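Here's a solo chain for you in structure tokens, the form predicted on its own.
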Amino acid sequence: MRERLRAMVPSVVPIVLSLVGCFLAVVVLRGWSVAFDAFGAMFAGAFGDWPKFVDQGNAGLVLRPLGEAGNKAAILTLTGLSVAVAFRVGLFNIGAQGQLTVGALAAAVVGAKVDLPAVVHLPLCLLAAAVAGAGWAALPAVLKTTRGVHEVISTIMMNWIAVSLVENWLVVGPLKASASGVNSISGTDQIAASAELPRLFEGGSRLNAGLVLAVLAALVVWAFFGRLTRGFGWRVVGLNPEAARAAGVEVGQVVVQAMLVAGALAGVAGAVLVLGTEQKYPTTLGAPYGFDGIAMALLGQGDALGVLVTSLVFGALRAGGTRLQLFGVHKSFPELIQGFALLLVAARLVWERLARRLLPDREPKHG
């Protein structure tokens, strides 16, 4: 138990310190009263306005904010897992944004152009997104194993190719939505109802099954690396490729497989965005969820469950961040909190020493 608590400290302390530090920054700029009101509004927008719910009995006061938080957390979890899976085999997948982009487009096209019952249509959209994301990650993997091209360089290049190809050509050109009368419609065609991710609650909450998919994906990744022999082999590749080769592990094969899985996870994140909230591929995806996945993986220490918890926290803060504007604080303030936390993660050795001081090993008892 103490080992697990100690392992959490390098993730928990940076997040707490970043919240405190950013709160004090608002205090300096706006004063104590505004800081308390602004952060109170942000937390209410993130986790629900529970005092009003108790007073009025309106479930929407809780379900609507939780729905927005859950939807953002689902995408952050999947992109975070994409980066974390690559981490485990010694790779740095910077390409989750491009993989998410092509996955989102694939889900949007299959969702709008294919006519099937929901029981087949929705899984097909998710599969198309996963295949598109994996396919986009395949080239950097092959270049890595055959030519020694560093994945950081190739995946960054693939990001810009994906964004330019999708948003600067396909979405505004061949795949542009059909005009309705004299009105021009941005993005691709609307997906069919049979392709939409089902909502989990009534009462105005937009929380959909994407969060369930993200949680299941996190559990599967955690079980794979922590419970299966094959997952142990992947971890060995990440820790010591030469030792893995000596043990008979096909390192090149593992690298390709890991990148394909990483790309598939990012592609599914794009599908969750399109099938869950956007209902089409918009002119631009806006938030750089693929790059945010890097932060989630680092803050979660590359562990699937750590990524899930971190994504839930920052998904909630992102959802509540828009309310900060009411108090003269920019809505992107949660991103500042995230960036500050990421900066503090660099001091991991300090937090590990702190954890050992706070939670020392118990002295063995002598009879």
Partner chain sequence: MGELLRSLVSSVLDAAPPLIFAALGATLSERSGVVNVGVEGMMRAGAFVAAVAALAMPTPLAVVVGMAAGALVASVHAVLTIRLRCDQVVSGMAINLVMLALGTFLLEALFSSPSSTPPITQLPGWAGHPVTTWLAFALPVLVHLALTRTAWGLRVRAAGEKPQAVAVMGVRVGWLRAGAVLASGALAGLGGAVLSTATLDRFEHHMPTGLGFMAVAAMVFGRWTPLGATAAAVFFAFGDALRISLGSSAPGLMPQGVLLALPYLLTLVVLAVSGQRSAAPAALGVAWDPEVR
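Numbering follows the first chain given and starts at 1. Please read these numbers as outputs of a predicted model, since none were measured by experiment.
This next part talks about the form predicted together with the partner chain, which is not shown.
With the partner omitted here, the residue from 141, 254, 158, 112 that has a non-hydrogen atom within 4.5 angstroms of the partner chain in the predicted complex is 158. Exactly one listed residue, out of 342, 59, 34, 309, brings a non-hydrogen atom to within 4.5 Å of the partner chain in the predicted complex: 342. Comment: 161 to 169 is the region of 161 to 169, 257 to 265, 104 to 112, 127 to 135 lying near the partner chain in the predicted complex, near meaning a non-hydrogen atom within 4.5 Å. Although the partner chain is omitted here, in the predicted complex all of 288, 291 and 347 have a heavy atom within 4.5 Å of it.
The partner chain is not drawn, but in the predicted complex it has no heavy atom within 4.5 Å of residue 52. The shortest heavy atom separation between residue 213 and the partner chain in the predicted complex exceeds 4.5 Å.
Using a 4.5 Å cutoff between non-hydrogen atoms, residue 118 does not count as a contact of the partner chain in the predicted complex.
By the criterion of a heavy atom within 4.5 Å, residue 149 is counted among the residues contacting the partner chain in the predicted complex. In the predicted complex, 328, 329, 330, 332, 333, 335, 336, 339, 340, 342, 343 are the residues of 312 to 345 with at least one heavy atom within 4.5 Å of the partner chain, listed from first to last.
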